[in-house]
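Shown below, as structure tokens, is a lone chain in the form predicted alone; questions about how it binds or moves come after it.
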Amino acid sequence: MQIRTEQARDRAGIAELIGAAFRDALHKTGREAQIVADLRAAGALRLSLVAEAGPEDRAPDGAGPGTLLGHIAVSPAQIGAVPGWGLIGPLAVRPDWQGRGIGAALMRAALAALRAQPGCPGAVLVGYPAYYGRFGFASFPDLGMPGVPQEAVMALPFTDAAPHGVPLHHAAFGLDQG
């Protein structure tokens, strides 16, 4: 498997992959692929990585080299008065390839890329603590979003400063920024 930056030729495959990954998800909005397309159209994809099958990767469905296996999007966010955060999401892996470490590899690559960006205070997301906690994400008492369970709003600061405030995200997410 290879992780690389998305290319224009990947866009239809990314949309298909995201749709398939979220089709049966309990937390889906049905807009996940459109969110990525809207972020891209607005020039607001800070990072867009794909996991692509290599020669050694074979699946029962016949997926082989060059097949897109996963995708992660990162867009700009601000927490309270602090700009420069990377908002991670959506993170998607083809259903037939889930549980093989592809999402974790994409997350590690995205976090490494964000850490390398000067002035980036950290990453923020909304997700499952049991999954994202293993990457260092945690909820903070002064970090939250209206209508979202406190424990699901998590951040990974790259400094000792704890985030506080509401994560402000791009309008492509279609959420009230309260």
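The numbering used is simple: start at 1 and walk along the sequence shown. This is a predicted model, so every value here is computed, not measured.
As for the form predicted together with a small molecule, it is not shown, yet the points below apply to it.
S.K.: Mind checking whether each of Arg100, Ala104 and Ala130 has a heavy atom within 4.5 Å of the small molecule in the model of the complex?
M.R.: Judged in the model of the complex, Arg100, Ala104 and Ala130 all sit within 4.5 Å of the small molecule.
S.K.: Might Val93 be said to contact the small molecule in the model of the complex, defining contact as any heavy atom within 4.5 Å?
M.R.: Answer yes; at least one heavy atom of Val93 falls within 4.5 Å of the small molecule in the model of the complex.
S.K.: With a 4.5 Å heavy atom cut-off, would you call Phe158 a contact of the small molecule in the model of the complex?
M.R.: The answer is no: Phe158 has no heavy atom within 4.5 Å of the small molecule.
S.K.: I'd like to check something about Arg115: if you look in the model of the complex, is any of its heavy atoms closer than or equal to 4.5 Å to a heavy atom of the small molecule?
M.R.: The answer is no: Arg115 has no heavy atom within 4.5 Å of the small molecule.
S.K.: Looking at the partner-bound form in the model of the complex, is Ala21 within 4.5 Å of the small molecule by any heavy atom?
M.R.: Ala21 belongs to the contact set for the small molecule.
S.K.: Heavy atoms within 4.5 Å of the small molecule in the model of the complex: which stretch in 115 to 123, 144 to 152, 42 to 50, 131 to 139 meets that?
M.R.: Contact criterion met by 131 to 139 only.
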